[in-house]
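First comes one chain, alone, set out as structure tokens in the form predicted alone.
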């Protein structure tokens, strides 16, 4: 069984970068100075990934103000809306307002993705909004039904995947907290399946992952088990994976073993013990290990400390007695 450790969402900005972006808004610094800080912070995230052996590389997504902003600012049909609370957290996002059926702009999202790290090439992962979460959190004034919009966004995200696959990306992770916070039923559930069929067809052999958090995955598990993706990820702070029924089709399982809601550092030996029990129950073909929700819920220093346990977790799971 392959064990993968990787970033599963946006990394927090350093305090220096946070202060610099605020100073830019107030006219106290220059855009050039802020861009230099962004470049340095992106290099620092790449260094963390290098030292800890995290692959595929994600890069931190430091320039993304929120999960939807690049799409709201570049895709046709959208405008950027008001500040809105991000689930039950102290974070906020600008809710996209959809005025007409959306249309993507080729190349636009690729320009927002973290830069490729210098040196030897590494597998790269793109982290994108899942179509159900995207459709469910926009202010939809387009006239399309929720299920039709989910399906349409799946097709558009599939086009993004196709484009990024050609640019060298090998893995694509879709953030789907709404799938477990507000599981769909009936036509909406079928819209989700159709959306991921479009994404899977576009991946052309690449890895596709659905990552869930901010809710217990058990109510949504029958639907999650139907999605045509390579990996389904669950947040272990919200979900008891030992209570999830094994699926008939073996595939990859993602475990959110790092809890970004607390600065307390996880014990790698306890993580390995739990992960082995989960592997014994589900027998996945691959295990993807990272944080449950994105680490940007924490300060930079706390997030970095918590990540340093992942190499020991990976080594423990790859040891002879931990294999499957």
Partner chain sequence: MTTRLFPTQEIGSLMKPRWQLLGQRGEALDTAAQTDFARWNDVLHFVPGDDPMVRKFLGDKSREVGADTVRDWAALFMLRYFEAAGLDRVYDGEARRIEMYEYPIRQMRGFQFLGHVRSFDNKYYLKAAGTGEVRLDHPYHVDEFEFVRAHARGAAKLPITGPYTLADWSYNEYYLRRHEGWKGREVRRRAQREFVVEIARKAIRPTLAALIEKGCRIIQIDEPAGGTHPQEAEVVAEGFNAATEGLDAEFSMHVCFSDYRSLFPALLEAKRCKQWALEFANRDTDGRDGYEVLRILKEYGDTREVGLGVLDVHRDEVESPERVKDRILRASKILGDPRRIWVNPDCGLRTRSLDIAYAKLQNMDRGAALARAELAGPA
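Residue numbers count along the first chain shown, from 1. Keep in mind that what you see is a predicted model, and the values were worked out from it rather than measured.
The same protein has a further form, the form predicted in complex with its partner chain, not shown here; the description that follows concerns it.
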> Just one of 138, 236, 72, 198 has a heavy atom within 4.5 Å of its partner chain in the predicted complex. Which one?
Replying inline: 236
>> Just to confirm, with a 4.5 Å cut-off on non-hydrogen atoms, which of 287, 45, 54, 298 contacts its partner chain in the predicted complex?
In response: 298
> Residues in which of 111-119, 155-163, 244-252, 81-89 have heavy atoms within 4.5 Å of its partner chain in the predicted complex?
Replying inline: 81-89
>> Counting only non-hydrogen atoms and a 4.5 Å threshold, tell me whether 3, 174 and 204 all contact its partner chain in the predicted complex.
In response: no
> Does at least one non-hydrogen atom of residue 260 fall within 4.5 angstroms of its partner chain in the predicted complex?
Replying inline: yes
>> Using a 4.5 angstroms cut-off on non-hydrogen atoms, would residue 104 count as touching its partner chain in the predicted complex?
In response: no
> Is residue 277 close enough to touch its partner chain in the predicted complex, meaning at least one heavy atom pair within 4.5 Å?
Replying inline: no
>> Is it the case that residue 22, even though its partner is missing from this view, gets within 4.5 Å of its partner chain in the predicted complex, heavy atoms only?
In response: yes
> Since the partner is left out here, which residues of 268-285 would have a heavy atom within 4.5 Å of its partner chain in the predicted complex?
Replying inline: 270, 271, 274
